[in-house]
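Here you get one chain, nothing else, as structure tokens; it is the form predicted on its own.
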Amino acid sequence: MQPPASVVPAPSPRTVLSPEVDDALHSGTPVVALESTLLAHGLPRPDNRAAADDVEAAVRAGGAVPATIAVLDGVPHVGLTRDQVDRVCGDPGLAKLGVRDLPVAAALGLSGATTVSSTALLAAGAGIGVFATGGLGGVHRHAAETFDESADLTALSRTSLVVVCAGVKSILDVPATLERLESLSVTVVGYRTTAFPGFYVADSGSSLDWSVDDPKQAAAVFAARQELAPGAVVVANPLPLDEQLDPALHDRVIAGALAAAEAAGVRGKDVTPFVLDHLHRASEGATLAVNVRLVLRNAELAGRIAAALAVIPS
């Protein structure tokens, strides 16, 4: 269901498509968007640089062209060169940009890594229909007092694309996040499961109403969604049980990480990178290994879904 060249959406004049991504979109070759916050803020250096290549390779293994997205000197880039990936992975001062931050970065010529919300917006604007990430943002614990909820959720309610993820990050309130996704009419399906994954673990304890068995079914669900209303289809792809983080270790390090963030007074968008760093250290690298595995699995599945979507008649 890749649009023909004559109707490929024109990205903003200030958005730069890499030559490979531009050629793919105009030839009907499947493309998968990738966020850059994972590289800049989600994985430690220098592991992030190797992971960047591995994730793009996983998309290619699934049958699609990878398009890592970032904002460089105020200009959104959809598809990065090796030097640009080096910059994203190597700059410790790179900002974290959600949708609300994009205008500021554009106006002031700033650089930053894109979150799920901003990556989805820029990808859809460029005509990309599939996006792979690790885990979504969502409703934070104690949100009833703090009103802390990720912009990912509302962004997905307004943006038409498939998002392949491993659920939402374990530090969040998973049941509340699923309730918000339902309220926002975001379609959520499990990939070969009705157990909603918990990022590092295969089962968060929350269930889903629907599942799909293969990439063709996922693509068909998105095609049907496009005909009905704007909005995303979330494909929740759990790790196999033998690849998940040990559940007992998971519960212990998550509790410790959240307590450390509270004690340090960390708030807002700083919570996730703080907690991920704490998890990596407290688990002696186990969470990092699991994080990379799940992103690679999501990237390959996203490539397969993009390939299936490309052959659905318009």
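One rule holds for the numbers: they count along the sequence shown, beginning at 1. Please read these numbers as outputs of a predicted model, since none were measured by experiment.
Note that the form predicted in complex with pseudouridine-5'-monophosphate isn't included here; everything after this is about it.
Trainee: If contact means a heavy atom within 4.5 Å, which one of 32 to 40, 54 to 62, 242 to 250, 256 to 264 is the stretch that engages pseudouridine-5'-monophosphate in the model of the complex?
Mentor: Heavy-atom contact with the partner occurs in 32 to 40.
Trainee: Would you classify Ser170 as touching pseudouridine-5'-monophosphate in the model of the complex, given a 4.5 Å non-hydrogen atom cut-off?
Mentor: Close contact is absent here: in the model of the complex, Ser170 is far from pseudouridine-5'-monophosphate, nothing within 4.5 Å, heavy atoms only.
Trainee: May I ask you to state whether Gly134 is within 4.5 Å of pseudouridine-5'-monophosphate in the model of the complex, using heavy atom distances?
Mentor: The answer is yes: Gly134 has a heavy atom within 4.5 Å of pseudouridine-5'-monophosphate.
Trainee: Check whether Lys96 has any heavy atom within 4.5 Å of a heavy atom of pseudouridine-5'-monophosphate in the model of the complex, and answer yes or no.
Mentor: Output for Lys96 is yes: heavy atoms within 4.5 Å of pseudouridine-5'-monophosphate.
Trainee: I'd like to check something about Ser150: if you look in the model of the complex, is any of its heavy atoms closer than or equal to 4.5 Å to a heavy atom of pseudouridine-5'-monophosphate?
Mentor: Flag for Ser150 set to yes.
Trainee: Using heavy atoms and a 4.5 Å cut-off, decide whether Phe199, Leu276 and Val295 all contact pseudouridine-5'-monophosphate in the model of the complex.
Mentor: All of them do, each having a heavy atom within 4.5 Å of the partner.
Trainee: Identify which of Val88, Val116, Ala232, Ala219 has a heavy atom within 4.5 Å of pseudouridine-5'-monophosphate in the model of the complex; exactly one of them does.
Mentor: The residue in contact is Val116.
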